[in-house]
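Only one chain comes next, encoded as structure tokens, the form predicted alone.
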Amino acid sequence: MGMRTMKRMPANAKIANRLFVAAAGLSASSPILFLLLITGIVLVQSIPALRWMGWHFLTGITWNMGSVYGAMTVKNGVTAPAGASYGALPFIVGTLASSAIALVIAIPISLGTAMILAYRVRGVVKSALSIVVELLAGVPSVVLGLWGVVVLAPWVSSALGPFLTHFGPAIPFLKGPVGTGMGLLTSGLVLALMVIPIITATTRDLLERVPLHYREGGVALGMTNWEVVRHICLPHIRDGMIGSIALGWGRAMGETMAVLMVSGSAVNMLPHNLYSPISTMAAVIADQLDSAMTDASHMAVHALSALALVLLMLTLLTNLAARLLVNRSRGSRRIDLGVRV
């Protein structure tokens, strides 16, 4: 009986091993499969709108669903309401501009906060500040949007905006009028508040993993605390820091509700100053999806799908660019080490 059991064990072990390998392979490949599936569905749905508009979809300014209850027209083999035009350029510019402003604000604040949490505070203070940062990342975006409408937008309109307009002669983009405060600047500030916890928490963890003897060696050579961080710690975590910034940028570009509430929901216009009302790709998809469902030709839904495809491609390109920067950084580091050796 014992010999039979021993003979059966290898077969059972082989089956279990095959099941484990198959399950592990499926789990490892599932993110790629989901990404390909989502991309394929969005691409198929966007083809009619791209055929209708062509390259003018990316360069056009006018976004008009046309007469969804009236006559239909046919162009390039697809049917759309009369007067329909889908120009995505204002939404692309609004997305890139608001996320860029968010990064300009968030990166120095995040790095400074991460350095303080990693090296300057200890004990209860460090734990409390770390918890606050992580809790800030969990605040629902609609709550931040409401705060932006009630508090931030009036402050931008009455205080921050008028102050920045004094620099308008030197920086034309800062010229007024400020308006109601609903616009590009407020959107960037709200997005910065959402991006800061992501970059801060990731950078803090990376800084804490810098070997202690690296920092002690810098101090022994007579470096100040800032010089140790600048010349030793930050170069050591450069790859991970680039990744965290790319993650924050993707978060900013894909944010929907908070931006929808504070952006001013502008269409058919490009921002002409820092306070102009805007709309982002994610916000306009959420804002117009219900109306698009009333289009009998479904062209409005196809146009929103094309907008989603552009947003997806921009996000993927952002992460790809970050990956290329990381690989380039690693390659230059290897070359530098080889030269030193």
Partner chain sequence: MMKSRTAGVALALSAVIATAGCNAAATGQAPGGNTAQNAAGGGVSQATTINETGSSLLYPLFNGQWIEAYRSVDPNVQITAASTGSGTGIAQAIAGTVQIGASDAYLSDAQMRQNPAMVNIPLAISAQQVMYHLPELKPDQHLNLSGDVLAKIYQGQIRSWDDPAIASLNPGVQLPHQAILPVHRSDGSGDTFLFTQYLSDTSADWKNTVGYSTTVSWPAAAGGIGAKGNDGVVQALANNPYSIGYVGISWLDRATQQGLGYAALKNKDGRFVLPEKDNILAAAQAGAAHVPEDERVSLIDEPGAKSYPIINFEYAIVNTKQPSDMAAALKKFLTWAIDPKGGNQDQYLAPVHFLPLPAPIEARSQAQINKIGG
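These numbers were taken from a predicted model, which means no experiment stands behind them. Positions refer to the first chain, counted from 1.
This next part talks about the form predicted together with its partner chain, which is not shown.
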Segment assignment from 200 to 208, 96 to 104, 257 to 265, 126 to 134: heavy atom within 4.5 Å of its partner chain in the model of the complex:
257 to 265
Is every one of L160, T165 and L185 within 4.5 Å of its partner chain in the model of the complex, counting heavy atoms?
no
Give a yes/no on whether L304 approaches its partner chain to within 4.5 Å in the model of the complex, heavy atoms considered.
yes
Mark G60 yes when one of its heavy atoms lies within 4.5 Å of a heavy atom of its partner chain in the model of the complex, and no otherwise.
no
When the contact criterion is heavy atoms within 4.5 Å, does I41 count as touching its partner chain in the model of the complex?
yes
Against its partner chain in the model of the complex, would L50 count as a contact residue? Criterion: heavy atoms within 4.5 Å.
no
Scan 274 to 292 and write down, in order along the chain, each residue with a heavy atom lying within 4.5 Å of its partner chain in the model of the complex.
P277, A282, I285, A286, D287, Q288, L289, D290, S291
